[in-house]
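Let's start with one chain on its own, the form predicted on its own, as structure tokens.
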Amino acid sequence: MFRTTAVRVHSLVKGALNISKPSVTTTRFMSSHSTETDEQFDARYENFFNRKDIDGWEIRQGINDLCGHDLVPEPKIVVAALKACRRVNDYALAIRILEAVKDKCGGKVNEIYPYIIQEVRPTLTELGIDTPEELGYDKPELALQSVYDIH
């Protein structure tokens, strides 16, 4: 009973004195545009993959981060990533990087991907890495014919 009376007295006093909390306006910066140039971006990733103490997890992290951007990586970044794969002796990761680059080419895969392979070919030969096409990964061996293409 005392509690009920105290709550009512409190609300009456608060209403009579018209105590209100000050309104605070906050501003959130949802997007901040990067001032990094294309050359700085390429150099940052190239330096990341050229680190001597890089391990397989960090290579995967860098490629994942790179694939998150709306761009196709420059051949010099791909070369640095392939050399990093060779340093950690991870052939499968090198093939996955080439597959990821091909996937990033999107609808212009017939224009962009051959250029990248042409630029990366000396490194592939030096490191002894085959492309996914040379390994036959571009044609799935157990793929079934589409039911829409049967007739």
Partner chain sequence: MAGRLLSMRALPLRVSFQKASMSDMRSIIGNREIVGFGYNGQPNYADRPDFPLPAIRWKESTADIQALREKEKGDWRKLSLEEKKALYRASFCQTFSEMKAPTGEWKSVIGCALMLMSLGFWGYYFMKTFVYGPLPESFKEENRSAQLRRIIDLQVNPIQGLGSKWDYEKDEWKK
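Small disclaimer: the values here were computed from a predicted structure and weren't measured. Residue numbers count along the first chain shown, from 1.
The form predicted in complex with the partner chain is left out here; the points below concern that form.
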task: Identify whether the partner chain in the predicted bound form is within 4.5 Å of every residue in the set 67, 89 and 96, based on non-hydrogen atoms.
output: yes
- prompt: Hey, in the predicted bound form, is residue 56 touching the partner chain, heavy atoms inside 4.5 Å?
  reply: yes
query: Is residue 100 one of the residues lying within 4.5 Å of the partner chain in the predicted bound form, judged by heavy atom distances?
result: yes
message: Although the partner isn't part of this model, could you tell me whether residue 47 comes within 4.5 Å of the partner chain in the predicted bound form, counting any heavy atom of the residue?
response: no
task: Check whether residue 36 has any heavy atom within 4.5 Å of a heavy atom of the partner chain in the predicted bound form, and answer yes or no.
output: no
statement: Within 116 to 138, the residues having any heavy atom within 4.5 Å of the partner chain in the predicted bound form are 125, 126, 127, 128, 129, 130, 134, 135, 137, 138
- prompt: Do residue 145 and residue 107 have their C-alpha atoms closer or farther apart in the predicted bound form than here, with the shift being 3 angstroms or more?
  reply: farther
message: Quick one: with a 3 Å or larger change, is the residue 145 to residue 96 CA distance smaller or larger in the predicted bound form? Answer closer or farther.
response: closer
